[in-house]
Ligand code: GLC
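Next up: a single chain in structure tokens, the form predicted alone.
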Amino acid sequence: MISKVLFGKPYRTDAVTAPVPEAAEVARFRVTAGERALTFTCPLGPEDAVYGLGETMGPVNKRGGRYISFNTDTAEHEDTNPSLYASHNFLAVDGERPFGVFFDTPARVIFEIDYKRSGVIRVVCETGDLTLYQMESGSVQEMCRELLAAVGRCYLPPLWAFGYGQSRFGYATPEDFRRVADGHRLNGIPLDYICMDIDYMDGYRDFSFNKKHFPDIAAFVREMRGRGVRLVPIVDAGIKIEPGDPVYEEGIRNGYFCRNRDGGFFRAAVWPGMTHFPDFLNTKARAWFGGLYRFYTQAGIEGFWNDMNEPAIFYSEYSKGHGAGPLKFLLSLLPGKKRREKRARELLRDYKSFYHDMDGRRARHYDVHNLFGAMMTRATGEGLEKLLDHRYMLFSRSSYIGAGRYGGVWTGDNTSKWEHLRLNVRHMPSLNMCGFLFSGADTGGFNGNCTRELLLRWLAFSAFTPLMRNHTGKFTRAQEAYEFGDTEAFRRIIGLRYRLLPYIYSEYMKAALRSDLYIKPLTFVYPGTRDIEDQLLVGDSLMIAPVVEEGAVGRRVYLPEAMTLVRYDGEFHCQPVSAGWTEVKAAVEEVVFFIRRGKLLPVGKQIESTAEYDSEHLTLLGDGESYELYTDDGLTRACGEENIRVIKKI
């Protein structure tokens, strides 16, 4: 049962779309009012576990940690960092009397969960304007479903978005994209799309292409489609201040940009230099910005990734007056605690220096900060709904609960480190709990130089995540799968993703349509496995236990029941395994996973792109009797339970 309690004058977030009855009081928390903040405290039982918070650091069970919801542009994905790019204020407590709570406020929130062994959950909402949603249910999984149903149906990508994507900050010319497409095709490595980072733009301006390199972008899009590859451009959150530019002029003329404290348009530097930020919290500004994607769709582009939308600020008209500027900003990025702290203070000053018009209600950005990126995703999604008559691909860096209705997320600028592969494993179930089913990380790592071993192990995990994109930075080593010498192992592991598409697509679509999770912790189904966080359930049939340690030739795996072990080395090799702990060998060139007892796994033939997808000629692995296969045309919006058919093992 879900109910809500209102405090103060909540800002409209539209995170929850379903009608929810009001309750007379908060059921589990004691509420203390400060001068401006509200503090919620709740005792924890000694054996209670706490799940949720989506994209945060730390383990899946958040007990013992301190986390801050304040969307932050940071490449420091370390356990000492309390904030990342997103704010997902949902907690679910698994104990004698399970309960869940969603603190629906776009302002800064501090979560201390049995922090320093306090024995309590302490949540500090920095403003007293919020809606608290509370859930009482028999299990954490049921409460997650209840939240997802209240939030609204998850984003439904086209089939091609489940293919493999290649990306790099630095692809700038048509020849760069041709080389990547040809490198995959000539080596037999499947590929569906290539992302275009900011180098495709004219002076890093949104809604522009470098005219020298892309004089006829529609023709180039058609050329790449002829190679079986779609292009997915990046779109940033700032509009360059450039008199004469039609986008800038229209935004100024209609007042679509955020204002500074004096009433003028706020000025901040990002990649193109000084920019204005569209006021995504304003309905008219959102509609305008979403309509701008016509620039891309009329060229045949149907996929996008939104970035820099925390919003990221290099320096502003205010911080520049305190000594910031291009050189000082670059110096602030160098390692050093004092530099980081100084930049953080400047960002807070910037966020307190501009304002939104929330359809007649003026709001200081700092007080609604966590909503900015989500509303950019909403603007894009609503715009594409009008511009296209079919499904689109969209994923974003910054987010808030509710944005999962319009697009997916990736987890930002990680690093080519084994710890960040382990973090990717921990992030996936937590993101699913908060409504972001279409999610993934920069496979291989964005910063740093990836090794062959790390990329193969990361691909072996990403093969099961809905978003499977290899992305790296401009000054890192080449990270394309064909750049590591012998390509056979890469061809097999990425090829496995395509053979699993009948299952991955089916499980994702069923989860989205049924307000369920695609990836979940083992403990949601198998009590007594709470401490096992590096094994996950993927859909209804699979358990995965990725190898996440450097130099490992296998790993120890716990089977809560007898299962079928599947070893893939270009072919599927199946063997029964008894319940309990077992040592599983897994060479770096192969993938090992498990089919649950009484379940089936449909697998297809080897293909090189989703254009060759075949849901008719399947092989069924496992000891189950039947499987619910979801099939549609992979593109139109005719999605529903009517597309599910039961197939049986002969």
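A quick note: this is a predicted structure, and the numbers were derived from the prediction, not measured. A residue's number is simply how far along the shown sequence it sits, counting from 1.
Below: the form predicted together with the named molecule, not depicted.
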Q | the named molecule in the predicted complex: contacted by all of D197, M308 and H471, heavy atom 4.5 Å | A | yes
Q. Which one, 197-205, 101-109, 237-245, 452-460, holds residues whose non-hydrogen atoms are within 4.5 Å of the named molecule in the predicted complex?
A. 197-205
Q. Pick from Y526, F169, Y558, F220: which residue has any heavy atom within 4.5 angstroms of the named molecule in the predicted complex?
A. F169
**Q.** Heavy atom within 4.5 Å of the named molecule in the predicted complex - residue from D413, D114, D176, D534
**A.** D413
Q) Does the named molecule get within 4.5 angstroms of any non-hydrogen atom of W271 in the predicted complex? A) yes
Q. Does the named molecule come within 4.5 Å of any heavy atom of H184 in the predicted complex?
A. no
(Q) Does any part of Y133 reach within 4.5 Å of the named molecule in the predicted complex? Heavy atoms only, please. (A) no
Q: Using a 4.5 Å heavy atom cut-off, state whether Y392 contacts the named molecule in the predicted complex.
A: no
